[in-house]
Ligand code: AMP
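Okay, here we've got a single chain as C-alpha cells, the form predicted on its own, with questions on binding and movement later.
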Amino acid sequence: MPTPLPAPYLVALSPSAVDLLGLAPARLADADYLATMVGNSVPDSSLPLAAVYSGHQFGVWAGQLGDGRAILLGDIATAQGPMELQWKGAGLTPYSRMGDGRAVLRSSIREFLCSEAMDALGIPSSRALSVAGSDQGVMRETVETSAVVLRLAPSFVRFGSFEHWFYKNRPEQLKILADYVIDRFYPDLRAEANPYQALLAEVTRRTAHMIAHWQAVGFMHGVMNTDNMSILGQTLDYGPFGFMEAFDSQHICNHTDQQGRYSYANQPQVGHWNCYALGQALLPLIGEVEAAQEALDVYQGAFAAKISELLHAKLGLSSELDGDQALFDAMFSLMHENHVDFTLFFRRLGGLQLDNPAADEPLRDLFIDRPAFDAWAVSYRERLRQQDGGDAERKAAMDAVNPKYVLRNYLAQVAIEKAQKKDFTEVARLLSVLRRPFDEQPEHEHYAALPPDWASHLEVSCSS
C-alpha cells in the first residue's frame, strides 16, 4: 500500500493524458482526485502491487531490484487499449532495499515533462498524468522536497522482470510471466512454432526501432540498465536523460556514468547488449541457443532500416540511393567537429533552398568552419536534385519530423526552480509548448533558442 504524502499539492496535469483516460478535467482539482493521484486514497476497485525484478546496472549484474518506489494502482480502458496507472514516489515497497520509496520534485517534474514530450515527438514512451508535490523533506545530496508522478503505460514489465526468475532458477515463474506477456500484449505470437523465440524477436525489433528514434532526435536515456528496458519497446524510467545540444557523438548525459557506457554513440550497441541479456533469461523457454541467436539477429537490420528511414525523412529525401550513407556520415562528422546544435541544425536545414545558397545563412551560422559546411551543402543540393519536389514542399515535410522544441535541460531547470517556489505556471507553459514540438509557435520562439551560457554547467545524475 502507498504511504500517505503529507499536505500534497498539485503541480501539473497533462491535458492529453487526461483526455486519453477519459477523465473530467474540471474535477481533477478536487481534493479526492488529488488524494488518489499521490496515493493518499486508494480506490475500492484497486489492488495495489509492487513488482519484483532484477537487472544488469552499467553492465554488471546487480541482483534483485524491484519496484523500490513504484506502486501499481491498476489499469483503465482507453481508446489505445488498457493503460496501467502507477504511482512513482508513493513510499516504501517490499523491494525498497535501503531507499525511502520517495521521489523528489526535481526528478518528478523532469519525468512528467519528458514523458509527454516524447509521446508528442512520436517516440514510443510511457506517459504521465500528473505530478504532485509535498513539503515533506527527503535526503539526496541535500534535503529536497518530495513528489509523486502518476505515470501510464500498457505495461511496466521490464527485461529485468525476466532476468529475476532466470537467475533465481525459477522456470515455472519465468513461464508464467512470459505467457502473460504473450497473451496480453503479443497474442499473435501464440500461433508461432516457438512463441518464446518469437517474443524475443519482436521485443528485439521494437527495442531497435525505439533506439533509432532516440538517435534521430538526439535523445539520450542516460541509464540503459536492463531493469529500465520495457518489454514493449517503450521509453521507460526517465532519470538522467538529456537532449543533445552542441553535437558530440560521445556525449554522456549522466554525470554518474563515469565510463561513458551510455553515451549517445553507444546507445545502439547497448540496446543490442540488453536484448542479449533478455535472450539469456528466455533461453530455458526458447530451448536452443541457435533459436535465441536467430531472434537476436533481428536487431541490427531493424535498427539500420529504421535509422535510415528516419534520417531520409529528416533530410527531406523521398527515396534511398547509393551514396546516401556517405552523405549522412559526412554530415554528422561535420556537426561533431563544429559542435553544432542538434535540434537547430535539422530544423534550419528545412529552410535550405535548392537554388539560393544565400538563404543558408541562419543554418551556416551554426558552424565555426563555414567553408566546410558550404562543401557539404553542395553535396546535399546535388542529392536533392535527384528527386522531384520544390523547396516549400520539402520544408513542410522536414518540419513535420524535425522538432523545433525539445526538453532542453535548462528549460526543465527553469521550470523546476520556479516550482520549488510554488510557482507552477512554467511547468504548464513548457508542457504546452512541448506537446506541439513541430509547430512554429512564434509566441514561444525563445524556447527554441540556443541555451544560455549558464546551462553548460548543469549536470544530471542517477540521484532522484
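Here the structure is a predicted model, which means the values were calculated and not measured. The first residue of the shown sequence is 1; numbering continues from there.
Keep in mind that the form predicted together with adenosine monophosphate (AMP) is not shown, yet the notes after this line are about it.
For the residues 233, 268, 350, 101, the 4.5 Å heavy atom test against adenosine monophosphate (AMP) in the model of the complex is passed only by 101. Just one of 65, 28, 397, 416 comes within 4.5 Å of adenosine monophosphate (AMP) in the model of the complex, counting any heavy atom, and that one is 65. With a 4.5 Å cutoff on heavy atoms, residue 408 does not count as touching adenosine monophosphate (AMP) in the model of the complex; it lies far away. The closest non-hydrogen atom of residue 116 lies beyond 4.5 Å of adenosine monophosphate (AMP) in the model of the complex. The shortest heavy atom separation between residue 308 and adenosine monophosphate (AMP) in the model of the complex exceeds 4.5 Å. Residue contact with adenosine monophosphate (AMP) in the model of the complex: residue 40 places no heavy atom within 4.5 Å of it. The stretch in contact with adenosine monophosphate (AMP) in the model of the complex, judged by heavy atoms within 4.5 Å, is 91 to 99, chosen from 322 to 330, 352 to 360, 91 to 99, 125 to 133. Contact check for 140, 227 and 237: all three have a heavy atom within 4.5 Å of adenosine monophosphate (AMP) in the model of the complex. Shown here without adenosine monophosphate (AMP), the chain has 53, 57 in 47 to 64 lying with a heavy atom within 4.5 Å of that partner in the model of the complex.
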